[in-house]
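Taking the form predicted alone, here's one chain by itself in structure tokens.
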């Protein structure tokens, strides 16, 4: 007899249906798995056999063949345990097949028949809804995550026997609450009000948040670069439901979803160590997995001590910064992961950290300084809109209590600027000023006569490149949006120009 059970798997960040076919035939007892199973899937034979026996069901002494279709996609993970076990029981007539085809079934079995948590429950729930399935049967530990998606019945089960009882008579013993009350209000443990001084840096990060611009901060050790970067997500606009689901899907498939948080509601902040490899930064593996740039999607990727990163690791960031996605090709498959990030980098001005400092004397030679800073390539630097100098704090500033604006106050202004951009780009495939290219600059960056004269003079005096000109226009547009003005004036142009001078001062000797 042949039995069929619908299951699901994840490829990239999207799920797809897997049809689990079980054939019980006469012959020498055997248990064969086909359909490109990896080692973990092949080991499910022992988990399924033990869990069926220890759940007081009879394991058939027959020739068992399990096919995982489509057979041309590599199957990974232990989520096929439960559908395989249900299929075997279905083939024996122990499970009622009346409503089985209406459910997608996933879950990892322990030897005693209990179910363990799996990865990728959220994209599987999305797929079940898209495919018109009635519900999703999955481990109770994943129930809250799947319940984020409305319009799909989530059936949380804690064991194989409970799954059988539900399929036969609709009863559930777990009593797990699966109703999810949507709350996208972010809860941050940091606040900009805690930062002492650095008013110019705070203003620059506000401009960056308003337009989604990348930032590099240069300054001596202890100036507050990391402290400022960690607080940048607190002034970014609140995640929309679509953005929150995108982020949660990525964290779900790699098993990084925080316990007790079925939906990520705060913008990600990723700060990889400078020893991170190419695969760690971009993603990779035999079956490619997301890297740091994808884990920071819709949030901030912070690279501290930027020149200490391997040159190759920094260079692979160039394409994601432009295209906002990562495409990884392997012999078995080619996958794309989202990478809509704000890049925030920090570095010292020299190896000792005190070049240009008013207090500490720099001990580095000019050659050492040039060699240190030249680790950051020009093409990567050109993709960073704001070049920000973060000076040492004065002693009287350090000793007094913080008295700046709160993140909520700054975020209110940023939200207004982003609302203007959403209305501006309603018919376009971009979301913020930082994503504007040539024709958008001409259409949306209208300069007043004074602003145009100032920008032309700056291009001649400062010998700025065409790309720097575009960056200045984007920044000026964001500054104008913060001010709530339609045309870009000389004040906005002047402020934007000052955010582009550190590449000339430091990186060009």
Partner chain sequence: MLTRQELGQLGEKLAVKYLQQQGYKIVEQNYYCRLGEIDIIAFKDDYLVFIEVKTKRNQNFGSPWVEVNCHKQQKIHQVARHYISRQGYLETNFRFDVIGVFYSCSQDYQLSHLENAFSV
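All of these numbers come straight from a predicted model, not from anything done at the bench. Numbering follows the first chain given and starts at 1.
Note that the form predicted together with the partner chain isn't included here; everything after this is about it.
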Interface residue in the predicted complex among 34, 30, 450, 462, criterion: non-hydrogen atom within 4.5 angstroms of the partner chain: 30
Taking the partner as it appears in the predicted complex, which of 61-69, 34-42, 454-462, 472-480 has residues with heavy atoms within 4.5 Å of the partner chain? 61-69
With heavy atoms only and a cut-off of 4.5 Å, decide whether residue 53 touches the partner chain in the predicted complex. no
Within 113-148, which residues have a heavy atom closer than or equal to 4.5 Å from the partner chain in the predicted complex? none
